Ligand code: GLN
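Given as structure tokens, the chain that follows is alone and in the form predicted on its own.
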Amino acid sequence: MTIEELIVYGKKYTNSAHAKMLLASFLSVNPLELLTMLDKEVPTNTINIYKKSLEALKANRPIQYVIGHVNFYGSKFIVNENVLIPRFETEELVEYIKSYLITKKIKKPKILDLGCGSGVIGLSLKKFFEEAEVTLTDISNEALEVAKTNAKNLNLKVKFILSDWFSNIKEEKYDIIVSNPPYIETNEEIEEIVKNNEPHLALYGGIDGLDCYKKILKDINKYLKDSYLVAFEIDYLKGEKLKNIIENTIPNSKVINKKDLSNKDRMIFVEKNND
């Protein structure tokens, strides 16, 4: 079968964009390149993998898990059912931290990524700040294995710790502590494709969705340098509640709610208040 025939075949199972994305990933080309090679014959083994993957998409499995990787902040990251699928909003979180480090001119920052999942946050920061000392933690061994694979593939040397938030972290001081913790409420209705595929351990944050933030903030002061940045990704409806908790747990701090590109409060940043 040709590329054009396979795209037409794929549309029986999924939308055109996903059909092209899937086929392009197996042919190691950009989806746009497919349009320049529509008459090219595809090897039988690739056809079989493509058809099998279309069945998985039809069964409502996320395309990121079917392909097995995502592009995040310019790098290719392996993902599977043991880790959350990185979202675009998280790239904005990384961008803010990057800007902070450049502005503060911190030459060798110590960075702690709590609940790292696939490692996209901590590893992206390590990629841009080679001299940074980056530690990635997660409560899930399986998630850490994914993050370790990504670090190896990207040739990045970082430290990994199996830990339930700070439970296995020595009392070191960090310039940056960042986390995108579980924040979905226990009884909250979410998309079936998310609920049925992504790890619940990384999704749900208790009755009010704030359990993980409370656990982190309870101990965080012991791990902050005199000058610091704490960065959280958040549920856009919980910004004010979380801001109040932070102001009561991190003394003399400046708390900033940041909107994402969709104009929703999706990030909170905490700095030392020098006023």
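All residue numbers refer to positions in the sequence shown, first residue = 1. This one's a predicted model, so the numbers in the text were calculated from it and none came from an experiment.
As for the form predicted together with glutamine (GLN), it is not shown, yet the points below apply to it.
Peer 1: Go through I111, V146, I97, A202 and name the one with a heavy atom inside 4.5 Å of glutamine (GLN) in the predicted bound form.
Peer 2: It is A202 that has a heavy atom within 4.5 Å of the partner.
Peer 1: Please pick, from L84, L125, V158, I176, the one residue with any non-hydrogen atom lying within 4.5 angstroms of glutamine (GLN) in the predicted bound form.
Peer 2: It is L84 that has a heavy atom within 4.5 Å of the partner.
Peer 1: For the chain shown here without its partner, which stretch in 114-122, 185-193, 167-175, 97-105 has non-hydrogen atoms within 4.5 angstroms of glutamine (GLN) in the predicted bound form?
Peer 2: Of the options, only 114-122 has residues within 4.5 Å of the partner.
Peer 1: State yes or no: in the predicted bound form, is some non-hydrogen atom of N150 no more than 4.5 angstroms from a non-hydrogen atom of glutamine (GLN)?
Peer 2: No, N150 sits far enough from glutamine (GLN) in the predicted bound form that none of its heavy atoms falls within 4.5 Å.
Peer 1: How about N180 - does it come within 4.5 Å of glutamine (GLN) in the predicted bound form, if we only consider non-hydrogen atoms?
Peer 2: Although glutamine (GLN) is absent here, N180 would touch it in the predicted bound form, with heavy atoms inside 4.5 Å.
Peer 1: Consider T135 of the chain shown here, and say whether it contacts glutamine (GLN) in the predicted bound form, taking contact as heavy atoms within 4.5 Å.
Peer 2: No, T135 sits far enough from glutamine (GLN) in the predicted bound form that none of its heavy atoms falls within 4.5 Å.
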